[in-house]
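One chain comes next, on its own, written as structure tokens: the form predicted on its own.
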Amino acid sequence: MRRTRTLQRSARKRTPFPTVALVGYTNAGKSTLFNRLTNAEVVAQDMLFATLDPTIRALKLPDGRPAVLSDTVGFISDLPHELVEAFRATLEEVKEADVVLHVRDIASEESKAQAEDVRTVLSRLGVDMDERRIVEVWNKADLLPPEERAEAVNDARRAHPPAVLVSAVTGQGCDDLLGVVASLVDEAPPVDVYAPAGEGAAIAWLYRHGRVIERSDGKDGSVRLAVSLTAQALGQFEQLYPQSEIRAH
């Protein structure tokens, strides 16, 4: 089997290392989490648009591998068109990221509505969240009463996309979060997946859970993807989409 480095997919990127991008509603705690994960000192204020440009820092994964973490602008609901356009350039890191961390204030009663606002704005900016490998970071766990915190832990385990309960202030759950990120960027020998016409769900699943290196679209609507998957993800895909054919790359 010929090993193709994931780097080929990321030739456009400025770094050969895995890239991770933070997105989230304003005041969800993105910058505080950024500081926690990277030991950086980035402004973390309770105000709109405290981070107008992406800030990029080195991130060390649990096994010592380096990665790159970028912090992007915080969103609000009903973002004016002019501001959406102004933010377009700041979100290139999201489009190119190997993993996107969607930070949510899980202690807020508006958490679900805010998450939908983030997805809406990203869609307006041309970022297809269904084709991104997303991890929801349920932040501010320290503000939850004990009973609600235990319930949130169970909900996070069952969530799709995957979710990790953390507190950027205390550091709770941050090691678990880095472990999840590491599992998503693990390189594996790529395989060729042949999806017949009409299997858009299978293709989207591969984009979310794997690292797509090449894509070829057939005239009959079929799609061939060269994709790197962890062994666990490959097994899940085979169970979920048995109609797709998998071959050695």
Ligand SMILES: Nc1nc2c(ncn2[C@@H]2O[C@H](COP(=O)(O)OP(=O)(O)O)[C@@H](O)[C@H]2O)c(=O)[nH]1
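This is a predicted model, so every value here is computed, not measured. Numbering starts at 1 and follows the sequence shown.
Beyond what is shown, the protein has a form predicted together with the ligand; the following relates to that form.
Contact with the ligand in the model of the complex holds for none of Ala21, Asp98 and Trp205, as no heavy atom of theirs lies within 4.5 Å. You can rule out all but one of 175 to 183, 112 to 120, 136 to 144, 153 to 161: in the model of the complex, only 136 to 144 has residues with a heavy atom within 4.5 Å of the ligand. When the ligand is considered in the model of the complex, Leu69 lies well away from it, no heavy atom lying within 4.5 Å. A residue is said to contact a partner when one of its heavy atoms sits within 4.5 Å of a partner heavy atom; Ala28 meets this definition for the ligand in the model of the complex. Ala168 belongs to the set of residues with a heavy atom inside 4.5 Å of the ligand in the model of the complex. Contact annotation for Thr32: at least one heavy atom lies within 4.5 Å of the ligand in the model of the complex.
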